[in-house]
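As a starting point, one isolated chain is supplied in structure tokens, in the form predicted alone.
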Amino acid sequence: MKIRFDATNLHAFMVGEHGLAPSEIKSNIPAAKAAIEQFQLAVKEGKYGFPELPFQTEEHREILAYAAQLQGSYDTVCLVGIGGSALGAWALDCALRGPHPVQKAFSVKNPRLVILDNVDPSFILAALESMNPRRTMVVVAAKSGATAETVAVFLHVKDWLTRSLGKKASQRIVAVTSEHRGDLKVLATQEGYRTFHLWENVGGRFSVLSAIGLVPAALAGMDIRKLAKGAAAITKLCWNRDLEKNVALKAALFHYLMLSYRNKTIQVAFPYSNRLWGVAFWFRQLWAESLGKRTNRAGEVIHAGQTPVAALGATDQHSQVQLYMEGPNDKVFTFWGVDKFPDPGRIPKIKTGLEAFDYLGGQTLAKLLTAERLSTAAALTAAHRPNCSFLLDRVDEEHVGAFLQIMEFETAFMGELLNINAFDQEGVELGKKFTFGLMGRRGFENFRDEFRAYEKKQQGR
């Protein structure tokens, strides 16, 4: 397994004043080492649990045994969740089973994954029409057990199953939630759903290698042992103090410097792989929700954060790169490249007598995609736009598990460098509370009243 991080195009000798000077990097290496020490101490104290997830072999055995018991009885895995309870599973599915919508035809031997992560009625009702309740396994995932969107959609799915299967519907439902709190846990116990639990010290956006991601992955036929193996191997490197060996720490330091020293407030995650497109959407939540904070740990108002944008190479060279080349120089670009493809896609050598066609014949799609990535990086560099690259040897279970773990460690280290709590999400909570109030949930009447006051203020303009 091999994953490299190349920061060459973040240096001043490549992109001029928008790049970093050697003295700036060198003077901040002690801060990077302090970040790893502080985070490791917090993990040892039990505050944060994601670094330990790849080593939970007993849970992995339980999940695989459950999936093996049901194998052949369904052709669809329907995941009901939102945010961290959905994006991780989608990232795994796209990376390991093929990008949507061009996966192989689904069957009981190759079940598909359908993710219901919104409450748009046209989307939910169309999804239910597309599935057969007698050949569907439902995974309902919510750490709190009370997420309004997940609960509402699950009530639809539960009714859909029950109308077809009656009391046997409970045998087709597995719940992933907290062990000691939440109404989903209560319902799962009452109705006898198979249940897997989440650690309290693992937040949703850091939970892809917990039961949240691994249960739907195993049911869909992915090798979760290899995922964990790759993540476990990279975890050991992520505790290394050597910046050249610890790609997560090095990436965190350089992105911290680009934000703090060069005011690059936007990071474009730019995978040149359709299989990594789902990972880019997962990363958006991880980076945005973890690092977008109003205050630092001292309570000072700092409005920290770096806005993540997802772009797909080479597709978005034709939709976004004009802005990136000539628009505001407020971005840092992180390319995700793949060295080896299972099939490079040799281009047929058909002579047409036309230069635009004939020079490509006999070459490969993989070579073209790599050339597109390298050329875009070179063009951005020429325009003094700082960029860097993560390079995966290949996209398989071990590399994907490792890459996801690198992203999580990088985010945690970035939080330490910014002196913020990367593991809370207070900015999300007020909107949730307003929603509870508007939908009539008991105990949230004051938020309903506060929303009414907001409406009156709008009308009084």
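Residues carry their position along the shown sequence, with the first being 1. What you see is a predicted model, and the numbers here were worked out from it, not measured in a lab.
The same protein also has a form predicted together with a small molecule, omitted here; what follows describes it.
Only one of Gly313, Gly337, Gly278, Gly83 comes within 4.5 Å of the small molecule in the model of the complex through a heavy atom, and that residue is Gly83. Checking Thr147, Thr136, Thr376, Gln267 for any heavy atom within 4.5 Å of the small molecule in the model of the complex turns up a single hit: Thr147. Stretch-level contact analysis of 361 to 369, 329 to 337, 105 to 113, 197 to 205 against the small molecule in the model of the complex, using heavy atoms and a 4.5 Å limit, identifies 197 to 205.
Proximity of Gln285 to the small molecule in the model of the complex: non-hydrogen atoms within 4.5 Å are present. Not displayed here, the small molecule is approached by Gln425 to within 4.5 Å at the level of heavy atoms in the model of the complex.
Contact annotation for Ala248: none of its heavy atoms lies within 4.5 Å of the small molecule in the model of the complex. Remark: Lys143 counts among the residues lining the small molecule in the model of the complex, judged by a heavy atom distance of 4.5 Å or less.
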